[in-house]
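Let's start with one chain on its own, the form predicted alone, as structure tokens.
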């Protein structure tokens, strides 16, 4: 027989007038290869049918089941109970709007950021459906692929100190998306466009370098490399602008 696991779970339905935030306690017998996602489904099926949390793929791809597990933002479907102590505490991700219990609304934030940074390839080239696909070198394609692996789970924002006090901060997810577009040779935005977009406190210079985002990213994205690339580009553009201004005086 496996361990008896105790789950201390945050509960609150903000749409119910008579509900208040609280911690509910549940117990389950641990089974082989049990993960938090499966445990939560068992709790909902057997003990709390009104329990709210999010999931879709169960394979660490959709990012829906992000939550705070023993104080760490991560994915429920990729967290085995065997790697945790007997008592497991679960809270919703901070930073995002709470929908209920462990369910938060990440979609609105990611959509607004995508619109803010115009998260699509900017080009003046007219699309020709009959033309060959534009080629790029393997090294560049691999860098784009690495950045594209972001599943928008929100764990990086939940672990970011800046994001907790600056709601307009783009965070690792937004900056990673910008880095992906800056690397792409098909995007024809110039240096001035990028400088106006992210050389601010809500952009790359709002990051204070604690890199909790890199620590908690469930997909192990190369965030350090992406941020360093953006910082170098912005610093170079800023230095060039300063020289031009000095020469004009």
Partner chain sequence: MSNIITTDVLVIGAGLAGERAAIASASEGLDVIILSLVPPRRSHSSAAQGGMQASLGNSVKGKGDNTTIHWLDTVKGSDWGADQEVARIFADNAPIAMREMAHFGVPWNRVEGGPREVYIKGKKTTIVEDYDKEGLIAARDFGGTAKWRTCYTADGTGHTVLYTMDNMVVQLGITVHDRMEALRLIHKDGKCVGAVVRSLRDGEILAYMSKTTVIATGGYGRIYGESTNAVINEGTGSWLALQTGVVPLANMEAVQFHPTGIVPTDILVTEGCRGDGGLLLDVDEYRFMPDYEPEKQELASRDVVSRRMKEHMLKGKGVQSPYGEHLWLDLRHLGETHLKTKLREVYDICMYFIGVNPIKDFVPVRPTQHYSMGGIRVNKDGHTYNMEGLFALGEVSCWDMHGFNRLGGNSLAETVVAGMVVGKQIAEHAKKTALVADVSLAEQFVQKEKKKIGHLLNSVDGENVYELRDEISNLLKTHVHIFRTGEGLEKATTGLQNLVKRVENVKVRSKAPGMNPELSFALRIEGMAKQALLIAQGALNRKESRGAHSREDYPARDDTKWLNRTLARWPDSHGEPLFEYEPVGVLDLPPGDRGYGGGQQISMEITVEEYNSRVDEEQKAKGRLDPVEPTGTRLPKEAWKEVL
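Positions refer to the first chain, counted from 1. No experiment lies behind these values; they were computed from the predicted model shown.
What comes next is about the form predicted together with the partner chain, which does not appear here.
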| query | finding |
| --- | --- |
| Whether 194, 206 and 240 all lie within 4.5 angstroms of the partner chain in the predicted bound form by heavy atom | no |
| Contact residue in the predicted bound form, from 228, 16, 235, 23 (heavy atom within 4.5 Å of the partner chain) | 16 |
| Heavy atom of residue 170 within 4.5 Å of the partner chain in the predicted bound form | no |
| 4.5 Å heavy atom contact, residue 71 to the partner chain in the predicted bound form | no |
| Distance check, residue 114 to the partner chain in the predicted bound form, heavy atom within 4.5 Å | yes |
| 4.5 Å heavy atom contact, residue 131 to the partner chain in the predicted bound form | yes |
| Stretch 10-43: residues contacting the partner chain in the predicted bound form, 4.5 Å heavy atom cut-off | 13, 15, 16, 32, 33, 35, 37 |
